[in-house]
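Heads up, the chain below is alone and in the form predicted alone; it's given as structure tokens.
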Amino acid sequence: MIESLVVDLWYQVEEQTVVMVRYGELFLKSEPVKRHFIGLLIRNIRRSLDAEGLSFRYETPRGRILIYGEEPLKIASEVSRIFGVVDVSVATITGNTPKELMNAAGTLGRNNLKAGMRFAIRAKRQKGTGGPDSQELGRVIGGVLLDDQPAAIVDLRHPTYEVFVEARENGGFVYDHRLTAPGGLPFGTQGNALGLISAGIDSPVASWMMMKRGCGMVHLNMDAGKWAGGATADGAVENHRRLSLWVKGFPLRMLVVDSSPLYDAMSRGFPQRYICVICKRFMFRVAEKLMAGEHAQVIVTGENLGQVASQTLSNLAVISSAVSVPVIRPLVTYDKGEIVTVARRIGTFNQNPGDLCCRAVPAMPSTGANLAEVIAAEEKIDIDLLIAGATERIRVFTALNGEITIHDKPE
């Protein structure tokens, strides 16, 4: 008897509230593609919630994903970090009649609408449900809230408080908060990319942006050993770890290559002005050799036009010519401040990162490298041999739900 009562109470709580998930760009796809993408989005939601040990069930009425569970606030928080989701709300479930919708909206208003607050009702009635149209429904419900709080002010353009009401075929939904999610496309819908990642600010933001567009990511980090600051290696691992929190339930791999022999070779009788350009060309060529084994189709970098000497248009052209595969630079037109804003929002910005300096940077790096001279300098240090050696010594850092495991990559 007691067990039956507990089950009944859980069912009632579950059915009183629901996590409403909205997606945006998926509406633009053809019906077969849309169904496929929504299926992958649900898979990603399931993996994320399973990783957190959250029990749930879901429904997929047109244009929405409805998730029921014992902990709707936690579910909403997790789902708001899933690519492909536009926003998330914890909604009260009602019938779709005006009276039922008014009662639910009135309860929210009485709890949250205060004197002097500017508010708006955002009502939508799905075709075929009967009753007043969306505009009239919003007006009627707004009147209910004003009756309860006459000192409130209706302001449809700049409200400080909003109540959302949806009358749909499968019932009514009322809510007053929308958690902004990243949007984009579901993770895993666009193939794989190999992204260069470091301890800096830019590269993890570039990787996150590709993940937002549905790309599976494999990261590549160049460990410069004694030529890098003491916090560099750990900083790259931390960026990789934090990005894994955006794709919970999916293992995220980072390949770490020993690049110190390159810097050793360039420190002896080498044209110092070309060190930065040749370093980046080396990274690209190592990445190109590793792409096939990682099923990656493009290289992704955090390069930004004009930010440092190696990132002038002419130098970027020389760097890109080192490989025959596509190179994507999501941040190429971003200001540094814009990149920092995104880094803070996604959790990869570190206010006190420690020593991240590169001890190989020359005093006067070239801003307009000559390709023929660069190739001649590479031949002088036998760059092909250095690349071959680098790809034989690889460690793999796998991040899963923010936890790191390390192993050697088999040859």
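Please read these numbers as outputs of a predicted model, since none were measured by experiment. Don't overthink the numbering: it's just position in the shown sequence, from 1.
What comes next is about the form predicted in complex with a small molecule, which does not appear here.
Trainee: Would you please decide whether Glu78 lies within 4.5 angstroms of the small molecule in the predicted complex, comparing each non-hydrogen atom pair?
Mentor: Residue-level check for Glu78: no, no contact with the small molecule.
Trainee: Whether Gly109 contacts the small molecule in the predicted complex should be assessed with a 4.5 Å heavy atom distance threshold; does it?
Mentor: No, Gly109 is distant from the partner.
Trainee: Using 4.5 Å between non-hydrogen atoms, is Lys226 touching the small molecule in the predicted complex?
Mentor: Looking in the predicted complex, residue contacts with the small molecule do not include Lys226, since no heavy atom lies within 4.5 Å.
Trainee: I'd like to know whether Asp176 contacts the small molecule in the predicted complex, with contact meaning heavy atoms within 4.5 angstroms.
Mentor: Because no heavy atom of Asp176 falls inside 4.5 Å of the small molecule in the predicted complex, the answer is no.
Trainee: Could you tell me which stretch in 150 to 158, 125 to 133, 213 to 221, 67 to 75 has residues with non-hydrogen atoms within 4.5 Å of the small molecule in the predicted complex?
Mentor: Heavy-atom contact with the partner occurs in 213 to 221.
Trainee: From the list Ile141, Leu196, Val318, Ala181, which entry has a heavy atom within 4.5 Å of the small molecule in the predicted complex?
Mentor: By the 4.5 Å heavy-atom cutoff, the listed residue in contact is Leu196.
Trainee: If you check Met283, Leu290, Ala104, Leu185 against the small molecule in the predicted complex, which one has a heavy atom within 4.5 Å?
Mentor: Of the candidates Met283, Leu290, Ala104, Leu185, Met283 is the one lying within 4.5 Å of the small molecule in the predicted complex.
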